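Given next, in structure tokens, is a single chain: the form predicted on its own.
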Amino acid sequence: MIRLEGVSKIYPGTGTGLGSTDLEFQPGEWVALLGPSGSGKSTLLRLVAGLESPSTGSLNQPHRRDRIGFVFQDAALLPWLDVLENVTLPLILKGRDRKSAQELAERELDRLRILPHAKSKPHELSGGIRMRVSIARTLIQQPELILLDEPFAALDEPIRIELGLELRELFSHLRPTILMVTHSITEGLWLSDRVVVLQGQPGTVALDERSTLGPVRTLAGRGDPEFLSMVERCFVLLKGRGNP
């Protein structure tokens, strides 16, 4: 379990960051983090990843650094390496022999339906394929905790939906803990098991609630009345016009 007790991180001179926060994240759950810019969503991810230290409070994060995967909005692929080399790099840096690393990488590329692009360079790929490569590079490390910082923000809506469904299917089999920052209310509620809404600057928790959807996600679920009601509640909170 990841536990934050009175954790805050305020950036001097800006007033932005994360206000005093008490949260627990259970093993194997997918949590969406929503909030306006400056409310501390990405700060919370960096605190959990150990990239930032809290200004106040205590944070219990039991996962080793090498068991944490981070997927950013930018796929952050090395342009001089091809797809297979980008995906195998984390394992090779950890001492894995190249042959077994490539076998594992090819398996992940095949699972994400991008094996035909194994020898392509990043500049030859579409945005959706580059993001799949970034996800494959994360999954090959078998992380217990995956931190997603707006991974689909730069993609067209159909590709976002397709990648979301694929990642949700992988999640159902692998069951890592996932914390996902997104500016899309619909995307966050549709993919996650639980949503946390941050409000204000610095941000504090305005809503923490379980998803109304079942474990299997479909496009039809986005039209469910309970789901749409939850979208509206989150919208009102994000606009600062009400209480949960």
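Note that the structure is predicted; figures quoted are calculated from it, not measured. Sequential numbering from 1, following the sequence displayed. Heads up, when I say rigid core I mean the largest set of C-alphas that superpose within 1.5 Å between the two forms.
Here the subject shifts to the form predicted together with a small molecule, a form of this protein not shown in this document.
Looking at F235, you'd find every heavy atom of it more than 4.5 angstroms from the small molecule in the predicted bound form. Interface residue remark: T14 is counted as part of the site for the small molecule in the predicted bound form, having a heavy atom within 4.5 Å. By the criterion of a heavy atom within 4.5 Å, S211 is excluded from the residues contacting the small molecule in the predicted bound form.
Under a 4.5 angstroms non-hydrogen atom cutoff, the small molecule in the predicted bound form has R46 among its neighbouring residues. Among S192, T182, T177, S39, the residue placing a heavy atom within 4.5 Å of the small molecule in the predicted bound form is S39. The contact with the small molecule in the predicted bound form, taken as any heavy atom within 4.5 Å, belongs to Q201 out of Q201, Q61, S55, T186.
S229 is not among the residues whose C-alpha shifts by 2 Å or more between this form and the one not shown once the rigid core is aligned; its shift stays under 2 Å.
Comparing the forms between this form and the one not shown on their rigid core, the Cα displacement of T16 reaches 2 Å or more.
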